[in-house]
Structure formats: structure tokens, C-alpha cells
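Consider the single chain below, provided in C-alpha cells and representing the form predicted on its own.
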Amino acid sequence: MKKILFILILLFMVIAPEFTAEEKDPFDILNKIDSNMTFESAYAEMEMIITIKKRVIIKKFKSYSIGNTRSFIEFLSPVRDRGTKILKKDKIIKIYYPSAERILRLSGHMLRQSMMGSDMSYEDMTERSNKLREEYRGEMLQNEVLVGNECFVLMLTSIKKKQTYFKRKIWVDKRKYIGLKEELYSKSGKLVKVSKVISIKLFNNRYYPVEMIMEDKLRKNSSTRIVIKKIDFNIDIPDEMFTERMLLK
């Protein structure tokens, strides 16, 4: 028995350093989040609930996506937003406004504008772990418990002088590999935005957030809550869905 225990201890000593080293790289953790969150394809019906002081605006939309590279969003309500469509292919975002009957490609400072009046920007839609690895340096902070969940805490600092979010502090659930909270800071150190995951569900042996909230701290008493009402994974979506033709249809 002692011999078996000794062998197990030796095995742990050999294996553990590799596991620990992996978990000490913040970008490896972000890659695991991407892997956990990315399905081959997905169709979802969602609500965007925008609160500005005492005013509440509810916008309903549906979305189609292939991995994390292509997505197509169509707004269904309210009436003034009905028919507005957003197409994202890699880093390119195009938006169709039915009132103007034209397609606008977003670039530069336009990506930092509010998405449909929400607390989120169009730029927020395009960020993935590979982009963060290219533009930030990362460090691990001391682990914390957030709402009963033990979390890795990551701090990313931009290596570029001009960056919308110069620092990003991220809390990652150690068991589910989901970012539960993120604080975004300007270069001056001012808190710009905060996002939190409110609700998580299990799909196909993977955890997925179905409700989250973002607050733009530069807008007084403002928040945007995204609620997934229905979602289907790994379904057939034709390539035609991610074309300009669908924007105009």
C-alpha cells in the first residue's frame, strides 16, 4: 500500500508542474474559454434590454453564426429597428438600415460606437483570444471567489498606445471556463465598462451563458442586458446567410 501511494505521489509530482504552468498563462485560459464557447454553428433568438435611467427599451433579434468568424443578426422589434441587419465576417462588419436602404461598412472610430443604442460597441463583437494575444500582455493575479465560484483572475495590459480598452481585468470560472466578469479601463485608469454573466446553462456537456449584463460607466445609470430565449447548436446554416444579398433581402 505504501509503495502504491509513493508511486502516485511521484506521478503527481511529474504531471502537476505541466498543468500548473498551463494554467499560469492567461492566454491559454482565454483560448479555453473560446473553445468552450464556440460551436460549429448556432441559431439564437434573443432580447436586448437597454435601461437608461428610468427608461427601458426592449429589442428582439435573431442571430445565425458559424464558429466565431461569421455571424448574421436581424432585428425584429421595436418597429423602428425592424429589418436592421448586421453581418460580421472575421473583422469586417456591415450593417443594413432599411430606412436608408443602404449598406454601411463599419471601420475605424465607427466600430467604437454604441451598437443599436446599447452599452456595447460594434468593436466588442469582434474580440477573440487571438486578437487579445496580439495586442495585450497578460498576467495572473491572485485567485478570487466570485458569487460562490472559484475564479482565475487575469489582467491584460495593452502593448499598443492607442487602444479603446487599455487594461482588462477578467474573472474566469475555474471549473466551467466561462468569463464571469470583466472590467475595462482606459489608459488613464478610469473604469469604462463592466460586464457580468448572470445565468449559465449546460448544452451538449458544455456550459454556456444565457444571460449577461454590460454597463457603460461613461453613461449615467445605463445598462444593457442580453437574454437568450432560444438557442440551437450545430445546425445547418447555408453560406448564403452570410452575404450582402441577405442584408438586402
Partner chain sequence: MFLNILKLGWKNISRNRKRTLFTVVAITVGITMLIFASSYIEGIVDSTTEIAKRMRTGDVKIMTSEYSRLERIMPKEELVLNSEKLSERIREIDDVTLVSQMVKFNALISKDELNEPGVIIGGDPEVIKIHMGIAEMVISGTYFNKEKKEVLIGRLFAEKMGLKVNDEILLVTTDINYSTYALPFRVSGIFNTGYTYLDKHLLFIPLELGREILDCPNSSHEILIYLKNSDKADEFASGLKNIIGEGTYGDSLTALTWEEDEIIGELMPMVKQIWQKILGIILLIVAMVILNTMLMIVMERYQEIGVLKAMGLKSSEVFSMIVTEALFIGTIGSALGVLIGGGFSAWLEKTGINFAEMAGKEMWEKFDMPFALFGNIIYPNLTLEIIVSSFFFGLLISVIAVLYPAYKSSKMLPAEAFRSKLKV
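All values reported here derive from a predicted model rather than from experimental measurement. Residue numbers count along the first chain shown, from 1.
The same protein also exists as the form predicted together with its partner chain; that form is not shown, yet it is the one meant from here on.
K.L.:
Considering non-hydrogen atoms and a 4.5 Å limit, which listed residue (33, 66, 46, 52) is close to its partner chain in the model of the complex?
P.N.:
Flagged contact: 52.
K.L.:
Exactly one of 73, 106, 120, 154 has a non-hydrogen atom within 4.5 Å of its partner chain in the model of the complex; which residue is it?
P.N.:
Comparing distances to its partner chain in the model of the complex, the residue within 4.5 Å is 106.
K.L.:
Have a look at 174-182, 97-105, 134-142, 161-169 and name the one stretch with heavy atoms inside 4.5 Å of its partner chain in the model of the complex.
P.N.:
Of the options, only 97-105 has residues within 4.5 Å of the partner.
K.L.:
Could you tell me if residue 196 has a non-hydrogen atom within 4.5 Å of its partner chain in the model of the complex?
P.N.:
No, residue 196 is distant from the partner.
K.L.:
Would residue 192 sit within 4.5 Å of its partner chain in the model of the complex, counting heavy atoms only?
P.N.:
It does not: once its partner chain is placed as it appears in the model of the complex, residue 192 has no heavy atom within 4.5 Å of it.
K.L.:
Find out whether any non-hydrogen atom of residue 125 is located within 4.5 angstroms of its partner chain in the model of the complex, and reply yes or no.
P.N.:
No, residue 125 is distant from the partner.
K.L.:
Verify the contact flag for residue 146: yes if a non-hydrogen atom of it lies within 4.5 Å of a non-hydrogen atom of its partner chain in the model of the complex, no if not.
P.N.:
Heavy-atom contact with its partner chain at 4.5 Å: absent for residue 146.
K.L.:
Taking its partner chain as it sits in the model of the complex, which residues of 66-81 have a non-hydrogen atom within 4.5 Å of it? Please list them.
P.N.:
Heavy-atom contacts within 4.5 Å come from 78, 80, 81.
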